[in-house]
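Quick heads-up: it's one chain on its own, the form predicted alone, in structure tokens.
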């Protein structure tokens, strides 16, 4: 699904990511952890192709195709989708209008999907204007549900969300990633950034990664990595890597 080789990413003239190598197969869900400012969100933005994230070296291949220099909309058309940590407020554009413009679904189909994330009353409102943290996250998930991408990137889906919303979001994320399908038949893949690890209570992940100082330092069982971080902090990961 995704193959990243020797990736170096620069933002505002400063190199943020160094020598990133990452492979995500069809049907796999990976989790990315790390301290604030370590470059996790930068990686997602670079994969999605946002122009302010300048790729200095390396390649990104998606479904076998080199997309390193491909614009955002082309990557989206090929099956990449992203949930932002802090999406913008868009005045003058109704959520329902956006959903209708970005899919071939009929009005009643859009309404039915919106009801599954308790967003049917928000379709006539400007995108994210006056939305709570949980409502913003549900709006983001709804947009991904409409797109139905093959590769789903989620930037801290549980941040600023209460337990009830985490449960709802977790269920919908599981649907997006085809968690109800046997793994051998699963086609959708994902990369999820998490600080708390709460999302792992609702979405099973295959592999965990730790990023520090713009580099992926280690890989392993997501729950084992999370347990080590909770008990010893990220410093232990760095010390382990240096041994």
Ligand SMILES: Nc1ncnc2c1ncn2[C@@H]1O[C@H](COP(=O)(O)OP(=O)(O)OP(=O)(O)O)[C@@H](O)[C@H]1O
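Predicted, not measured: the structure shown is a model, and the values here were computed from it. Positions refer to the first chain, counted from 1.
A second form of this protein, the form predicted together with the ligand, is not displayed here; the remarks below concern that form.
Report the stretch among 176-184, 30-38, 198-206, 59-67 that approaches the ligand in the model of the complex to within 4.5 Å, counting heavy atoms only.
-> Only one stretch passes the 4.5 Å heavy-atom test: 30-38.
Candidate spot 21, 150 and 189, all three touching the ligand in the model of the complex (heavy atom, 4.5 Å) = Not one of the three qualifies.
Does any heavy atom of residue 156 come within 4.5 Å of a heavy atom of the ligand in the model of the complex?
-> Yes - in the model of the complex, heavy atoms of residue 156 and the ligand come within 4.5 Å of each other.
Would residue 16 sit within 4.5 Å of the ligand in the model of the complex, counting heavy atoms only?
-> Answer yes; at least one heavy atom of residue 16 falls within 4.5 Å of the ligand in the model of the complex.
Does residue 85 make contact with the ligand in the model of the complex, using a 4.5 Å heavy atom cut-off?
-> Yes - in the model of the complex, heavy atoms of residue 85 and the ligand come within 4.5 Å of each other.
With heavy atoms only and a cut-off of 4.5 Å, decide whether residue 52 touches the ligand in the model of the complex.
-> Yes, residue 52 is a contact residue.
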